[in-house]
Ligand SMILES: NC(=O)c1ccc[n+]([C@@H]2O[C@H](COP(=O)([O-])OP(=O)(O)OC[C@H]3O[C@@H](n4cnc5c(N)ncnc54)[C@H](O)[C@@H]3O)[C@@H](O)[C@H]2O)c1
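First comes one chain, alone, set out as structure tokens in the form predicted alone.
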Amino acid sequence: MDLTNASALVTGGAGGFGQATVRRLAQAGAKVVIADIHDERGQALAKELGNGSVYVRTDIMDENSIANAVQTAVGLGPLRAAVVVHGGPPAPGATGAARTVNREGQRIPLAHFAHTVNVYLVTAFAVTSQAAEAMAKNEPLDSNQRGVIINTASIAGFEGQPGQSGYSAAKGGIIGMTLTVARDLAPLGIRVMAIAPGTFLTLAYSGRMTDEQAQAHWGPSVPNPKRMGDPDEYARLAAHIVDNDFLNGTTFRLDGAQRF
């Protein structure tokens, strides 16, 4: 997929995976819409790139906000690539991971489970469908290609840990819909892929521990290389997926052979 004179959309574009991916897509020639709610980081990144990329404050829980980000991208050039790496707000009253039924015999509130699935799966489909609708209007490139969409799954979608029922269900949903949506969009020349990261050193650890502490705690669980992943390793894979038109309908594990 040639991104010359084209636009790209990255939801969660001011985060760890997002910033690295925005930079890689910009290097490939795209003007990137950095869709996020972290104004300072997003604006600074757009200024750093200086290639016409823009920050657009985007609430991924709001379809109209997503539509605004998509239309902003279309205004920069044909939307050829969309990478969905956003997180989202925790459920009201939630205090971290929660088992389906805890040791006191209390079940997780259904609203907490539904909220997690909504944040990580429903919103990903919302971005996917809106981006695909815009891509369908593009003039096709070689081999009838109009665009490519990359969603972010997780190794938790294959084997989640205790307390991850909602998150695992959502990320498993990303994995499950990838081939189906790729087949839905195949007649339009739009590819759909997913990346399932393992343990990565992202901004999620900021404020809780230093990078060195995070590596010391989580790095040993990765078989090889014996460290946490670097967000640019995600971004390099995303950029390759965009570039390679024969990659379609598949979820790539990016986890250093990490299994639980």
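From 1 onward, residues are counted along the sequence shown. Bear in mind the structure is a predicted one, so any value in this text is a computation, not a measurement.
Here the subject shifts to the form predicted in complex with this ligand, a form of this protein not shown in this document.
Engineer: Choose from 163 to 171, 105 to 113, 135 to 143, 70 to 78 the stretch whose residues reach within 4.5 Å of this ligand in the model of the complex, heavy atoms counted.
Structural biologist: Within 4.5 Å of the partner lies stretch 163 to 171.
Engineer: Taking any heavy atom pair closer than or equal to 4.5 Å as contact, tell me whether residue 31 reaches this ligand in the model of the complex.
Structural biologist: Judged by the heavy-atom cut-off of 4.5 Å, residue 31 is well away from this ligand in the model of the complex.
Engineer: Any of the heavy atoms of residue 128 lying within 4.5 Å of this ligand in the model of the complex?
Structural biologist: Heavy-atom contact with this ligand at 4.5 Å: absent for residue 128.
Engineer: Within 4.5 Å, heavy atoms only: does residue 58 come near this ligand in the model of the complex?
Structural biologist: Yes, contact at 4.5 Å.
Engineer: So in the model of the complex, does any heavy atom of residue 153 sit within 4.5 Å of this ligand?
Structural biologist: Yes.
Engineer: Which listed residue (209, 204, 44, 216) meets the criterion of a heavy atom within 4.5 Å of this ligand in the model of the complex?
Structural biologist: It is 204 that has a heavy atom within 4.5 Å of the partner.
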